[in-house]
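One chain follows as structure tokens, the form predicted alone.
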């Protein structure tokens, strides 16, 4: 029985760090576990220019330099920046961003369906409306990251939120791939059996890939409603049925080169997370790597873990996997406390014994 594993330091292909005090509080948890991370641009205001991305990157690096969490930890963490596909994003900015400036380039553009999730009010209702920008992205080889859900129908009416990804896979994604045959595309936070079927059939290294969160590997809809709605796992796409979860687990642990880890860690203050209309977003960076390891262990796939968390993501983005390593040991532990910002705001991670599903125990731990 394996009770320790050493792998290349992982790559988080999808993380939200926010701004200000929240960023200062949560970024060190990603930096301790991951060598690099693709940083999402749906801040307020959104990151939709190279100049805004440069400013944002500098804020992230400054937060790490002054972090109490990292005082005794050596880290060479590198944030890889993205831009938001807003209506203000132009083909000219795509060309400029692909070249980069001040040591910063843009690694991808993220699409959010209008109104579907946190700070998605600047997104397109139909991504195919952004034809000039998509054409330029295809020309320069810049990846498109998809929040792959249909939120509103052609009449502006809400679709069933559990059907959003299925509808996107059935209609929008095939048309997008047909219209832009050389565009690099990542289906982010894959959560449904329909998405798994599509990626398994059509996925291709360097062309069409998908990321998987620890949340969609861990939980299903029954747990989300166990003993009242569990807000700590409230995210978009929503966690779905146990059958959906099993299909996502299956594709994640197959060792396919076009499927890899993206935590989608998305912190929110306690006041918003536990409000009557709780916000979308799961804060998992303090436990994400440990949960990936636990799930791969449970499924007898620890030999596939390094490719999934450390190799496939960097290859898609054209960067080298980490030269550093990280070791995890099989040891039970629990997360009992929130992360607290320098303004005194509490941020609760999943698996927390106070606000999670209950007395959850994590079975793998980073070796100190």
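Being a predicted model, the structure only gives us computed values, none of them experimental. Residue numbers count along the first chain shown, from 1.
Below, we refer to the form predicted in complex with N-carbamoyl-L-aspartate (NCD), which is not included among the displayed structures.
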Note: exactly one of 280, 180, 114, 274 sits with a heavy atom within 4.5 Å of N-carbamoyl-L-aspartate (NCD) in the predicted bound form, namely 280
As a check of understanding, the residue in 49, 32, 310, 42 with any heavy atom within 4.5 Å of N-carbamoyl-L-aspartate (NCD) in the predicted bound form should be identified as 42
> Thinking of 166, 221 and 245 as one candidate spot, does N-carbamoyl-L-aspartate (NCD) come within 4.5 Å of a heavy atom in every one of them in the predicted bound form?
Replying inline: no
Looking at the partner-bound form in the predicted bound form, is residue 184 within 4.5 Å of N-carbamoyl-L-aspartate (NCD) by any heavy atom? no
Is residue 18 one of the residues lying within 4.5 Å of N-carbamoyl-L-aspartate (NCD) in the predicted bound form, judged by heavy atom distances?
-> yes
Please determine whether residue 266 contacts N-carbamoyl-L-aspartate (NCD) in the predicted bound form, using a 4.5 Å cut-off between heavy atoms. yes
* Asked: residue 190: heavy atom within 4.5 Å of N-carbamoyl-L-aspartate (NCD) in the predicted bound form?
  -> no
In contact with N-carbamoyl-L-aspartate (NCD) in the predicted bound form (heavy atoms, 4.5 Å), from 76 to 84, 285 to 293, 190 to 198, 106 to 114, is stretch 106 to 114
Of the residues spanning 234 to 254, the ones with some heavy atom within 4.5 Å of N-carbamoyl-L-aspartate (NCD) in the predicted bound form are 235, 236
